[in-house]
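Given as structure tokens, the chain that follows is alone and in the form predicted alone.
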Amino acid sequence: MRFAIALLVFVPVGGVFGLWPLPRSLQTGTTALKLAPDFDIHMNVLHAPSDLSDAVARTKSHLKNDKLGRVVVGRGSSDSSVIQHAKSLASLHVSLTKGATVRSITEEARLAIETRSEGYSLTIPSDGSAATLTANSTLGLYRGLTTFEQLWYQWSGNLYTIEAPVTITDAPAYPWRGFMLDTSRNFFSVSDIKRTLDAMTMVKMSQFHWHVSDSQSFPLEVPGYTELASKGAYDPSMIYSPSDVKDIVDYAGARGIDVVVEIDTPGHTSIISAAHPEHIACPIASPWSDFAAEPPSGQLRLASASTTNFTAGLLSAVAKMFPSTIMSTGGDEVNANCYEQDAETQADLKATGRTLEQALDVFTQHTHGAIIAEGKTPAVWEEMVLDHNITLSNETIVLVWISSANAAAVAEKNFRLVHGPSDYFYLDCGAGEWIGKDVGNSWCDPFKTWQKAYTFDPQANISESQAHLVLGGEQLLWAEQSGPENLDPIVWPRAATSAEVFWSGPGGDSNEALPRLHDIAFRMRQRGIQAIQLQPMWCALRPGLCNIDS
């Protein structure tokens, strides 16, 4: 087994802690402890990388600026007497275990996904003696700093906890804990993405799946293929330049997040026809529903050698822009009728003597070969494994999206998989139909509540012998009805749900989780992330009193 999936028993906690995700092993006491006015974090790491030093500085800034009162009636006023007499914690000592290799957080976050070390141990005595944080990697230290930040509340100028001593031994159940953002249907600025990364790192997410292009727009400026963005972006101001990409991936890496880019092929590529009509079959055909899953229609002419070479070159150029070891080539919702109606594709099939399925196989092997040559592991949507008879590398990662029930079939084919099922994790569901002249509901109704996502079992219907194939999962925002205006509230804190499922493991109690989810949402708002309210504040301040049986 490549990584641990066995769950540790949760130590019961009271209504104070706002830890999210819940540590795998947690022991707490009942003693008040406050941070000393001159509290400091001491790094005992030889040649500490700059992003670790920056992470420590951010933790100190968060401790100073979060200014979060406990999410209880009075916001902590009832704690004033115990705070007054509490001992003070003067320091947190941060160190790597003996013999650990010193790499930057960024380097650690970009290692092959099953080789990363994110575990840590955190001890906070109740007597005021120094707290300690140890890990085998700088990434583990960073995860521990994130936990440390969530332990403290403010009242009357004091930062304190009332549950010292604290002993935590923690590590994730799964390495892939992600969020996918679609920036094609509507554009999100670099600052929007960075703010999203800030929220992701608060809940120890590890993967930002960037669905950067689709049929509607191509906002990514790719060296050697700049015409795709210049003709395919909504506006010149709505383009991600190579420097924007570097800014985003560096920002993510320093926060323990790997950026996995997706260029969906051969479907969902209509917009490429704006620059290269010769490569696209059935562009903006009517009625669109005969040729695509949503408008506008248009797919890469996969039977064409010229188009295949063009696509391989494009993917290779994109791969060079992103340091992750993983890159997605999509592969979902390929429309056969589009190719059947396209004279050029039919001529190419006839000339080569191939069926459409055989042409897809050649196309995929060639384009995947291009990114493998750049050191990337391909990722694909589930149809490439379940609906098509094509040759894929055994290392290919498969993202399950249509239904949670399909994960078992992917595992049966012995592919590593990532859960992103629409019946649990699609954040856009339930907003009504966006197609004009249609008064129906969205295809994936109903709205996917945080409670629903919290019940997800990553190993459901997957045999014990195939359990190691599950890398984790992600929640996803398709942006047909989303933009910068509603990014934060539609995503947060709901997307934190899967972060806990895939860090702490499944089977958590939603009644116990709700006060902690309130807490992390309150803390997000303190940091400028507009997480939506989950209940009236009266309920948030009185855990359990708004339960149906209370």
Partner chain sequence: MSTGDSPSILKLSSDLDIHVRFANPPPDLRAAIMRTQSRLFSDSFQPLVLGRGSADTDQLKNAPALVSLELMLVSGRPARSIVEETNVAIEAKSEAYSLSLRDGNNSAILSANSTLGLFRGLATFEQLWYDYQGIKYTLNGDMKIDDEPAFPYRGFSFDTARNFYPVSDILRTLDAMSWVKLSVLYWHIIDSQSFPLEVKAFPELSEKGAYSANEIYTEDDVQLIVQYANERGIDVVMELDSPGHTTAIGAAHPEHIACASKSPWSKYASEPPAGQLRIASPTTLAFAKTFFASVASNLPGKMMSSGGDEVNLLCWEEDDETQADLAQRNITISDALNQFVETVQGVIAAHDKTPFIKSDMVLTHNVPVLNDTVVVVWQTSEDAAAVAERQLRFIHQPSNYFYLDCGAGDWLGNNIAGNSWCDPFKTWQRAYSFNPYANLTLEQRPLVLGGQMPLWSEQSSSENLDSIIWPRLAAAAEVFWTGATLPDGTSRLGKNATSGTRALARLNELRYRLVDRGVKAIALQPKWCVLRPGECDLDS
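Positions refer to the first chain, counted from 1. Just so you know, these numbers come straight off a predicted model, no measurement behind them.
This next part talks about the form predicted together with its partner chain, which is not shown.
**Student:** Test of understanding: in the predicted bound form, would residue 482 fall inside 4.5 Å of its partner chain by heavy atoms?
**Tutor:** Taking the distances in the predicted bound form, the answer for residue 482 is yes, it comes within 4.5 Å of its partner chain.
**Student:** I'd like to know if residue 288 sits close to its partner chain in the predicted bound form, meaning any non-hydrogen atom pair within 4.5 angstroms.
**Tutor:** Contact with its partner chain, yes.
**Student:** Residue-level contact is defined here as any heavy atom of the residue lying within 4.5 Å of its partner chain in the predicted bound form; does residue 62 satisfy this criterion?
**Tutor:** No.
**Student:** Is residue 343 near its partner chain? Define near as a heavy atom within 4.5 Å, in the predicted bound form.
**Tutor:** Residue 343: no contact with its partner chain in the predicted bound form.
**Student:** Which of 344 to 352, 427 to 435, 261 to 269, 82 to 90 has heavy atoms within 4.5 Å of its partner chain in the predicted bound form?
**Tutor:** Going by heavy atoms within 4.5 Å, the stretch is 427 to 435.
**Student:** Looking at 68, 514, 26, 48 here, can you tell me which has any non-hydrogen atom within 4.5 angstroms of its partner chain in the predicted bound form?
**Tutor:** The residue in contact is 514.
**Student:** Can you pick the one in 510, 53, 30, 44 that has a heavy atom within 4.5 Å of its partner chain in the predicted bound form?
**Tutor:** So the residue touching its partner chain in the predicted bound form, by this definition, is 510.
**Student:** Between 502 to 535 and its partner chain in the predicted bound form, list the residues on our side with a heavy atom within 4.5 Å.
**Tutor:** 510, 511, 514, 525, 530, 531, 532, 533, 534, 535, in sequence order.
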